[in-house]
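Read on for two forms of one protein chain; each stands alone as structure tokens, with the labels structure 1 and structure 2.
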Structure 1
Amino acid sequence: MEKQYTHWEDVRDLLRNWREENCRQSEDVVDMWNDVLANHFGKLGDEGWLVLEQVFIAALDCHNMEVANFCLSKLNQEFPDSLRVKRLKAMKYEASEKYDHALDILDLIIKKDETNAASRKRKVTIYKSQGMIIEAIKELTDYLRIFMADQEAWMELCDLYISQQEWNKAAFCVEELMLHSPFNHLYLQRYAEIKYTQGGYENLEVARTYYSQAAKLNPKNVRALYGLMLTSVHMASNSKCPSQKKKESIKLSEWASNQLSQLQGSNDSKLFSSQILEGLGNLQIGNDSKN
């Protein structure tokens, strides 16, 4: 891919951007390292070590052990006593599925430095990759008791709970995240999704509120608009819904679907999307609530 990235400075900027924006793109990272940056490592200066770490993790992600070994040995030469490099070594054991070795190293790191958050998180992933979700949850809740402001960890815990279908606990995690950044439409959308999945009239009502807020914060959030449409249609067809609210819901669903068709109309696939929307509407309404 990315034929235009042939100059090492462009690649450096791109990788930096990916590091900051939190993109996974592991295969591309490894490719770019091999094609361009490996020959210009000396020019990177201090940033080079960050790049090496990034490439190392990306290489593990693609199971490209040659590149991973190269990065690790370079880092090890430069920082022989670093706990961070030791953690990377543990990650490599993890990638080659030697979980006991990895756990030993991580325990050693934590013993040396009790505040080493990253190593504690790696312990969670070791349990997770072995399929021991309950243990992973326990480890992660212990971790969160110490590091309560770690958004990444709350998100992970939320996903773990969702995989166990513990919706209430998962919702609690997202509530925590929403406290951290109340204007992030994605957290609001996530909370609404969990509530929508839980089902029941009260939960639908909560979901609708949060979908609305997400759509308000980002009017281009298609997923929130779809969610808004679906929840309001569901609410309108619910027998518990008073007639006043029924009208409101129908109005809201119409507004959401209008909004969606406008959004998709601004893209090219006008015909296609309008058909899908119509189909979705038919599918969801089913009964005579709207007609």
Structure 2
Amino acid sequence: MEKQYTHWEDVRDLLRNWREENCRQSEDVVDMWNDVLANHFGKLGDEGWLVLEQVFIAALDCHNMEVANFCLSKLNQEFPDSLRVKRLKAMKYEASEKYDHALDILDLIIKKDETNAASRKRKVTIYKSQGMIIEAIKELTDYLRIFMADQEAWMELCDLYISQQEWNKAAFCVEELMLHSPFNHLYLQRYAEIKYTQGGYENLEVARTYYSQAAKLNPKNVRALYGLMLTSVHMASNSKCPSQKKKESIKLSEWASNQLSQLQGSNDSKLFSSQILEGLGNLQIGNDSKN
């Protein structure tokens, strides 16, 4: 951070803005706490408790356990029975890789409040960090039974199923997302990628439809265009493809190729390159694509 803040009110306002904008800026937060705010904590009033929580999380990010312990002890003194403070304590155990202790605290919180979304999400994070994907899937599934409208959770569950190559379940997650946001081209693209990866003529046909819709909603979606081109080529070369659909597939692949060429030659060439490189990792034909 180039600008140096020396007055405690300026630091307070900056931290407030970062909280509102959901910016971590962990190293800067810890530095400004040590250099300025720690000596003026009493002047912050009730906002001081929010600042302590913010500094605590930033200290965990920086693995500065001295500052983290100080903030947690202050919060625990003021709010000894707070479930929110207990969750912070679980985060401290998690940062120290004492996962069993963290899970015990989170289970206690959930037992007292089954609708505590943050604690349930932390359990998923702990399981993922330990490579316990099956447990993470189970916990996230339980979470979504209560919070069905959480689109980020559905996308996370989709990614977990993809990591286990459970394509049908991953597709179901994206179908839920499309019900929430039917005109989100990224959801349509993700669904098409899953169907393309599953392979087989029927899945390729579905993938082509959703790639087409994603490209229609966002003509600059390079991954959708590239997927549309590959899917159309594979469909055209498939023995199950009728002659009429084969002609349509050839035309679509040519159109997608032309669109990609135009994007590559435009001012969006950097965007083109980054999306292509990212998309190559997501597009793969399934073993049964020849069927």
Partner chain sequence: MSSSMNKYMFILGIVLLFHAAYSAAQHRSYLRLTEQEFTSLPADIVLQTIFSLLLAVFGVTMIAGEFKEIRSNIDLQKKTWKNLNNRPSFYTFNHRGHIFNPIAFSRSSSGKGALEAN
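Superpose the two forms; the largest set of C-alphas matching within 1.5 Å is the rigid core. Along the sequence of structure 1, residues get numbers from 1 upward. Note that the structure is a prediction, hence the values are computed from the model and not measured.
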Exercise for the section: Give me a 1 or a 2 for the form predicted together with the partner chain. Expected result: 1
Practice task
Verify that Thr231 and Ala149 are, or are not, members of the same rigid part between structures 1 and 2.
Solution key: yes
Handout entry: Turn angle in ° for the smaller rigid piece between structures 1 and 2
Key = 21
Fill in the blank from the handout: Between-form comparison on the rigid core puts the Cα shift of Arg84 between structures 1 and 2, in Å, at 3.1
Handout entry: Cα displacement of Glu66 between structures 1 and 2, core-superposed (Å)
Key = 6.6
